[in-house]
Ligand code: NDP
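Only one chain is included here, represented as structure tokens and corresponding to the form predicted on its own.
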């Protein structure tokens, strides 16, 4: 059996070895999940709710164990890991409690021409859902798909990142403690090939979180078998700071959004467009906050190392490119990178065609560019190929600005708060992906609609018959003209 190792990113120490799941084993896991699907559906919403709420409770009972494992595999602070695990358990409980109401059969008007019909739309689980998770938030992000898919009545096969396999295995083990069968939710570990096998395994839907580049490969692979996908990809999230913003709060939140988790947050701030009237004040506040934080091992730093070693080169190249193109380093610079850590970097006046503006950096850096007004801020924010989240700081114009941004989520006078609220959908547009997790939309994402039409009584004139007459045709045309969509 081939294996791979997980590592503590601070030192490179080997934490554990895990199986590289081959194609046959992946296919078997999917087949077993499909076999378990009927019983899971037959439990009904009440039965599934009990199981999932027990699981949520168990996760919180073992939150210290879970957060220690997350901190070991990612290098992030224990506090951040505990927040992540708690939010994941919260989303699980919300999905369990609300799946029934979200999936309730809806009654539709049949319209005047079809008044003898009863029209309803039912929601059914798609079947087996494959989930490929990321390493930056190894429990919170994949649980956004796992929880909602399970609550909708699907079974799930989960492939965690090769950087955080232990978290995936622990999720499956804890679920097995409270569930009637471990086949309902199982975990397969491995490298990129294992993820490819899951895409090709015949799952009924696949949810992927990761880079846009990899998402395109996943989508193309799944397209060969007509497997629908949910893609949650990268971002280059803008922060817009208006002249009437609370500058201190905006600066503090922006530094946290851009540098917490070592900047490894798809919805974290990466570029700021600040009104020229308050630009210098904002920069001064940002520097005051950023100068007080530093990287380090769990318990030693405000944030940890780059979990994925190859990201260091990306961060370095973005900093160097920005400075080479005329950007100013207000704090740190090229020498802030000392693998596996990167100290806070604040850049200003960076050209809009530089890598630090156009591509996802995924590091503890932030670019602050000054704009003449909010129209320019909106224009530059929307110029990105990404469209995941955004943050707007303004006392009076927040809603107006937010409504013009081309992205899936906006926080006004807050930052990334939309991720913590279980009732709202999470996802992006453009190169940031498509499909939604969280909220009612996240439950419906893992279902399909079934239209059911029933004749309540028979009309004297039959339109769906070879016996239809010219008079019937004339009646249909005249009624359609007269009604013109009314009474529908």
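Numbering follows the first chain given and starts at 1. Everything quoted here is computed from the prediction, not taken from an experiment.
Note that the form predicted together with the ligand isn't included here; everything after this is about it.
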Legend entry - residue 401: touches the ligand in the predicted bound form, heavy atom cutoff 4.5 angstroms: no
Legend entry - Heavy atom of residue 275 within 4.5 Å of the ligand in the predicted bound form: no
Inset, instruction - Decide whether residue 256 counts as a contact residue for the ligand in the predicted bound form under a heavy atom distance cut-off of 4.5 Å. - result: no
Inset, instruction - Would you please decide whether residue 191 lies within 4.5 angstroms of the ligand in the predicted bound form, comparing each non-hydrogen atom pair? - result: yes
Inset, instruction - Can you check 112-120, 225-233, 337-345, 79-87 and let me know which stretch has heavy atoms within 4.5 Å of the ligand in the predicted bound form? - result: 225-233
Inset, instruction - Just give me the single entry in 160, 268, 364, 144 that has a non-hydrogen atom within 4.5 angstroms of the ligand in the predicted bound form. - result: 160
Inset, instruction - Would you kindly say which of 412, 178, 217, 383 lies with a heavy atom within 4.5 Å of the ligand in the predicted bound form? - result: 217
Inset, instruction - Any residue of 112-136 with a heavy atom within 4.5 Å of the ligand in the predicted bound form counts; write them all down in order. - result: 132, 133, 134, 135, 136
